[in-house]
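Next comes just one chain, in structure tokens: the form predicted alone.
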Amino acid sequence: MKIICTRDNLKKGLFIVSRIVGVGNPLQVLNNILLKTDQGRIKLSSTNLEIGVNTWVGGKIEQEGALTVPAKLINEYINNLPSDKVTLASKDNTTLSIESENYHTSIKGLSYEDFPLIPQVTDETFVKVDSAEFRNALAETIWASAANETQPEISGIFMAFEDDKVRIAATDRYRLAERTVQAMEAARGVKEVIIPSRTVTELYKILTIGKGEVEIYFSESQVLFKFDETELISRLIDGQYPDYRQIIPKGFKTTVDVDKNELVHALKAAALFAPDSNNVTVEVKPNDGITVAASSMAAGENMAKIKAKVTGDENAAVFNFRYLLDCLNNLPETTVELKMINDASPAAITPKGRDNYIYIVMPIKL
């Protein structure tokens, strides 16, 4: 194998594929990236046996071939090269030679024959979505999934495909984020799946590079996302996602229009006085706006008042401030609506003027 390419093209490809590669894996080849010539381009691949990533970059192919090399080493080395032209050549299928102006190196690798086969999902496109809207939807939801994988269903991200809509949801049973995405065309059917959170997180990172459309494919147990020159393949989580829609209240007694940044500042200030419990009290009054307060024996107490438009009843509840900030920090709007029923019922946050997103959070019972 002999390839000539630009450093920037190679850096982009290595960034995409190296993120899922671990370090110190007992199966050494899983610490490696596969470099392969493929129909006049350079194909880079990685896998952790649950997620597989393929991406293609441009270059001049002088000799066909393939080789796997340690992901961390080649990624960091290419990032430090000062010259834009890079020549890659394999020696005896176990060593990669890298030449770039005055830089000359050899990296020990493994034969491409040892690299696990990344499954292919070759069915027709199930649905297409705009990458920017899809990325925004993931940013507003995926952090709400459960971190503990003892409940695999809610540790993943739920996606429902219905006509020309994609509904994305994440929950850990204490909070719920749901976002609807407009598809570019109607899906080929109705489908509900649970995708591992790490898969969706890696997809989000890939979607930050470039613009275009995302094509989504399914097999019986796998999902494939195609974007630009990259493919991400993952297993699906087998299980039944909770019927979360039944916990979304049909109505609220209090609605508050509030400046998002002011609420964020008030919550962060209150958080300094809730170092152990994370509990803050949010009180709303029609003529007095919002009061955010917290106290502790060790730190003292804090109270901040924010001007806001309050419609409906006076209300108050205790919340985990982190759950509120997670939502607010991921919404682009400057004004949000806080909706409440009472101190024992779910509250909601929605962006002002947008109806494709809702965040539900349970108050804390003291």
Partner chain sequence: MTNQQLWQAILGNLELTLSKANFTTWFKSTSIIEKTDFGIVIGVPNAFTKEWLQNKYHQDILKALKAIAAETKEVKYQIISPIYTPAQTNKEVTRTSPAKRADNQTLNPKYTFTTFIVGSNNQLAHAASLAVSKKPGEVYNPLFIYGGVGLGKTHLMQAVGTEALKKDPAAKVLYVTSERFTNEFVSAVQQGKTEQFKSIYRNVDVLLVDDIQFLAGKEGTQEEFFHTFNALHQNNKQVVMTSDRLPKEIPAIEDRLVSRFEWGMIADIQAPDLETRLAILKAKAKERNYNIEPEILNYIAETIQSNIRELEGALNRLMVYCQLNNTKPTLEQVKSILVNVITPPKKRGVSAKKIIEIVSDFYHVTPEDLVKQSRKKEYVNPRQIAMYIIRKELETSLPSIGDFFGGRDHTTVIHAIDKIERVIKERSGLKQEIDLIKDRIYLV
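Positions refer to the first chain, counted from 1. In this text, rigid core is short for the largest set of C-alphas that superpose within 1.5 Å between two forms. These numbers come from a predicted model, not from an experiment.
Only in words, not in the display: the form predicted together with its partner chain, which the text now covers.
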Contact with its partner chain in the predicted bound form, heavy atom within 4.5 Å, among Pro242, Pro116, Pro286, Gly212 goes to Pro116
With the partner omitted here, the residue among Glu192, Asp238, Glu101, Asp257 that in the predicted bound form has a heavy atom within 4.5 Å of its partner chain is Asp238
Original post:
If you check in the predicted bound form, is Ser221 within 4.5 Å of its partner chain, heavy atoms only?
Top reply: yes
Subject >> its partner chain contact in the predicted bound form: Pro249, any heavy atom under 4.5 Å >> reply: no
Classify Asn315 as contacting or not contacting its partner chain in the predicted bound form by the rule of any non-hydrogen atom within 4.5 angstroms, answering yes or no. no
4.5 Å heavy atom contact, Arg167 and its partner chain in the predicted bound form: no
* Asked: Even though its partner chain is not shown here, does it sit in the predicted bound form so that Gly52, Gln120 and Asn148 each have a heavy atom within 4.5 Å?
  -> yes
Note: its partner chain not shown here; in the predicted bound form, the stretch from 258 to 266, 106 to 114, 91 to 99, 176 to 184 having heavy atoms within 4.5 Å of it is 106 to 114
Across 185 to 199, the residues having a non-hydrogen atom within 4.5 Å of its partner chain in the predicted bound form turn out to be Arg198
- Query: Rigid core fitted, is the C-alpha displacement of Ala344 between the shown form and the other one 2 Å or more?
  - Reply: no
If I superpose the two forms on their rigid core, does the C-alpha of Gly22 end up displaced by 2 Å or more between the shown form and the other one?
yes
A change of 3 Å or more separates this form from the other: in the predicted bound form, the C-alpha atoms of Gly24 and His104 are farther
